[in-house]
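Presented as structure tokens, the chain that follows is alone, the form predicted on its own.
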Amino acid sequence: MAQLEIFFIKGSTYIPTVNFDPGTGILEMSGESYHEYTIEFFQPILEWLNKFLEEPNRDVVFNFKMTYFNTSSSRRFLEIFDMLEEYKKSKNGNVKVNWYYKEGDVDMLESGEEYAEDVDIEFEFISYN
């Protein structure tokens, strides 16, 4: 199997920064996501992730550092978490989500808690200033 390249998208006003490193197993998304065409934007991300998750027994850390996302983006994030959960179950992956939220941002914390209830993967909630 060909070695996967680092998947990187530089964030802008309404799209998140995406930095997925297959060598370390660290997947990171940060910034804001309220892209009008979320399906098109997330398609290459999901395709890359699908290839990455073909190899069993990986340690995967998903650093989620979003400051805002819309409902449409929320559905894509759930797809990602579902893929990670499936990977944990079927390919013996060791998966952890670090959910970063700005201190006092109850909405972002609650969003993370809802995802944590929806999927069977470890979530750690990390507040910052």
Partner chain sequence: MSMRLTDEELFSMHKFYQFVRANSMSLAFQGIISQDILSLVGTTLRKKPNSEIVSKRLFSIVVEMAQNIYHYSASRAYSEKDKKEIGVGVITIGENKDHYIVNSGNIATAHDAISVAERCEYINGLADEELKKFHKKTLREPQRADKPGANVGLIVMSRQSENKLFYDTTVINDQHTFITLSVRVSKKLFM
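Quick caveat: nothing in here was measured; it's all calculated off a predicted structure. Positions refer to the first chain, counted from 1.
We do not show the form predicted together with the partner chain, though everything after this point is about it.
> Looking at the partner chain in the predicted complex, do all three of N19, G23 and E54 come within 4.5 Å of it through at least one heavy atom?
No, none of the three is in contact.
> Is the gap between M108 and the partner chain in the predicted complex 4.5 Å or less for some heavy atom pair?
Heavy-atom contact with the partner chain at 4.5 Å: present for M108.
> If we define contact as a non-hydrogen atom of the residue within 4.5 angstroms of the partner, is R76 a contact of the partner chain in the predicted complex?
Close contact exists here: in the predicted complex, R76 approaches the partner chain to within 4.5 Å, heavy atoms only.
> Do E28 and the partner chain share at least one heavy atom pair within 4.5 Å in the predicted complex?
Flag for E28 set to no.
> Would N98 count as touching the partner chain in the predicted complex under a 4.5 Å heavy atom rule?
No.
> Within 4.5 Å of the partner chain in the predicted complex, counting heavy atoms only, one of 31-39, 57-65, 90-98, 44-52 shows up; tell me which.
Of the options given, it is 31-39.
> At a 4.5 angstroms cut-off on non-hydrogen atoms, which residues of 11-25 are near the partner chain in the predicted complex? List them in order.
Residues within 4.5 Å: T13, Y14.
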